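A single chain, nothing else alongside it, follows as structure tokens in the form predicted alone.
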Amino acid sequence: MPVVTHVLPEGADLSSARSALTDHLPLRAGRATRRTTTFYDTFDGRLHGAGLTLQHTGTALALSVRETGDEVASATVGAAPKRLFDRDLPAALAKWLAPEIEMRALLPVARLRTHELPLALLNEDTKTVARLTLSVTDDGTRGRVTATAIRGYESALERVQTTLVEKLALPEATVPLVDEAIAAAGGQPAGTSAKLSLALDPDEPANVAAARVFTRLVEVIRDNFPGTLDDVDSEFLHDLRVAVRRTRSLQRQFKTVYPERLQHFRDEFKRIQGVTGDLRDLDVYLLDFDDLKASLPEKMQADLEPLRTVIERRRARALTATRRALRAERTAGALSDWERFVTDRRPSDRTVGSLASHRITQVYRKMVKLGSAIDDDSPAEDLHELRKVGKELRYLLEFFASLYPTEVVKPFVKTLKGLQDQLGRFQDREVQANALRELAPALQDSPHTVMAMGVLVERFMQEELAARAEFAERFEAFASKAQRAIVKEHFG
């Protein structure tokens, strides 16, 4: 049924709001109630991005459309959960939420304590022809009045809305309550993004523009520190490590505009990358575990479970080591010193447009040269090296995308991504097969588990060969005459 929501005056309580309405409308009040509502989203705002709102009230979790408030699913769960993964969700909610949140945790992002008063709009026969709800909160959001039509009496809703707008001058609520609640709690309704989202001026000094990129990357690292240390979900560490890797890449590409002390910071970021590597690898194994298990013949699937236990134990040790390293004063000092180092420099003579184009051209040419030398007999290391250089090019295109036409950068990245995906599958399968071989001795008392791992190793090796067979086709597109001409025209 049609619903309208308007915002009450600043500081209005239930009594004053009811009094203002009854001056103009025949209303009958119900019993005032109190309730606490907890809103959930992922750290990066995936539900906000999907136009959904998840809230807990009483003992129920309810999912609704963010803009309209229309409920799409609900389930009884008891008390408000502290954290929810897809595996924790009731089936009625999982089918909507699991594809959106993937491996991320749903966390409380705002909590409202609300006082509500239901009101019935009466006609001349004292029959209810529309329902209103007054709501005010203790948590910094503006009170609201919501009116809902009753079938057959839709015109009554128009009367209510006319009164709210013309006689009481109450503006329509244009911001969803969840957004207002998150903002009142000091959060960002859209979540915390790990994207760069920077617009650079091609005529800026190269080190000034790079400082903006580096500063944003440090911001992403710091944003993801608490979630990594608290082990909230695996994506905090992933985003932290991506920001560290991007920093190291730009340090290499722009090293000519910095003095020799740059090497000290390159070593520090390499250290941070290194001390977090084992934990990330083990996270990936656990994230993929159910899919790997499901890929086995049904009779062997349960045999793989002891491997999960071994991985979880190793992950616990890796988490302890990662926490120790990230909490160390050395890490905090390195990030602060790095920010000062990149922002205190005198502007360089070279512009970012000139240096970015030079580096993109050079790295592209290096990839073409490396890839052209690869044939069926080349060692796997040659493909791994090509993938590493490809990451450098991908980061350059991401950092400096705003300097070039979108119609040039977007297809360039797409072609590069196609090659990178193929190289990634090739390397990932090799790494996975090697990892299972290394883990096998820890499971020597579980022969059935080792047999199941052997089946997976065999499959990884077959997929590795298949990925390698795709290389020539992918590389041909990346190194085509047309692509080389585009690079020369726009970057060279």
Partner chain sequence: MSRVLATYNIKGGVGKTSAAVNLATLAAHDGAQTLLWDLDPQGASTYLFRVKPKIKGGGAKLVRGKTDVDGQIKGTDTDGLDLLPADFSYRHMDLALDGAKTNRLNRVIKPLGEYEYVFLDCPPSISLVSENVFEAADALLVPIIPATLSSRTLDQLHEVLSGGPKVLGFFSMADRRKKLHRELMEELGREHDVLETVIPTSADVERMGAERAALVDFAPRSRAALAYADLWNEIRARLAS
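If you're wondering where the values come from, they're calculated on a predicted model, not measured in any experiment. Numbering follows the first chain given and starts at 1.
Just so you know, the form predicted in complex with its partner chain exists too; it's not on screen, but the next bit is about it.
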query: Residue 113, heavy atom within 4.5 angstroms of its partner chain in the model of the complex; finding: no
query: Exercise: residue 126 in contact with its partner chain in the model of the complex, heavy atom 4.5 Å; finding: yes
query: Partner proximity in the model of the complex: residue 225 to its partner chain, non-hydrogen atom cutoff 4.5 Å; finding: no
query: Heavy atom of residue 131 within 4.5 Å of its partner chain in the model of the complex; finding: yes
query: Candidate stretches 214-222, 201-209, 313-321, 148-156 - the one whose heavy atoms come within 4.5 Å of its partner chain in the model of the complex; finding: 148-156
query: Residue among 35, 28, 31, 437 with a heavy atom within 4.5 Å of its partner chain in the model of the complex; finding: 28
